[in-house]
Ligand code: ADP
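Here we start with a single chain on its own, the form predicted on its own, put down as structure tokens.
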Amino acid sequence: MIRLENVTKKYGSKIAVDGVSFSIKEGSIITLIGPSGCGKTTTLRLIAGLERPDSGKVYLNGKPASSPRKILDPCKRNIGMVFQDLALWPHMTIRQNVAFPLNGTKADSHERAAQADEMLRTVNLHGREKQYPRELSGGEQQRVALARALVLKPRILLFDEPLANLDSLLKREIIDMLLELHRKLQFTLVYVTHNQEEFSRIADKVILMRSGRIEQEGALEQLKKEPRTDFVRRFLDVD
């Protein structure tokens, strides 16, 4: 479903992503892991179409989506994304926030509200539709952001460290909900984090990055059992 071929992205003289290649099967769960500044968020933004590669190509469903010369609009990628800062509109109700991505569809206002309410029920926020983000807890705001990302029923969902500011209990609750939604909806999930508690509970496969490159990829237990470098061993806290 997702394939990167020798993708590089620079910001001035800094190379954020350096010749990265990998593929992700439809319906799978992948975590991009690594220390801050290793290029994982930039890689996620390249998949989303929010950044244009300086070299290499990004493919979605076997078709070119991004290259140095041409880029498919993010709105046409059938991708949902949850950002680290959530980006909820403070002046909009919860229903309006979730329904916002539907504004570009043919659905009328009643249909948009109904679809938003259905998704709010899915994330256990039924009855909170008329409240505002400031009236919700951090975990509830996370669920609003998740509902908004899923309301268009995307085939790909991207998560950029959205649980960084939650305590361990709330993280587990959101992760359990995310995994249950994945089981029901069968979207492809790409999840960025540097938190071992999160990636150890989520991924079918991990891609460990360092300085813009892939250090090692595979099942987490495989990386722990056979770390290829000292960096992998230290990052995964392997004895």
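Nothing here was measured: the structure is a model prediction, and the numbers come from that model. The numbering used is simple: start at 1 and walk along the sequence shown.
The discussion below concerns the form predicted in complex with adenosine-5'-diphosphate (ADP), not included here.
J.: Based on heavy atom distances of at most 4.5 Å to adenosine-5'-diphosphate (ADP) in the predicted complex, which listed stretch, 169-177, 40-48, 66-74, 182-190, is the contact stretch?
T.: That would be 40-48.
J.: Against adenosine-5'-diphosphate (ADP) in the predicted complex, would residue 14 count as a contact residue? Criterion: heavy atoms within 4.5 Å.
T.: Yes, contact at 4.5 Å.
J.: Does at least one non-hydrogen atom of residue 27 fall within 4.5 angstroms of adenosine-5'-diphosphate (ADP) in the predicted complex?
T.: Because no heavy atom of residue 27 falls inside 4.5 Å of adenosine-5'-diphosphate (ADP) in the predicted complex, the answer is no.
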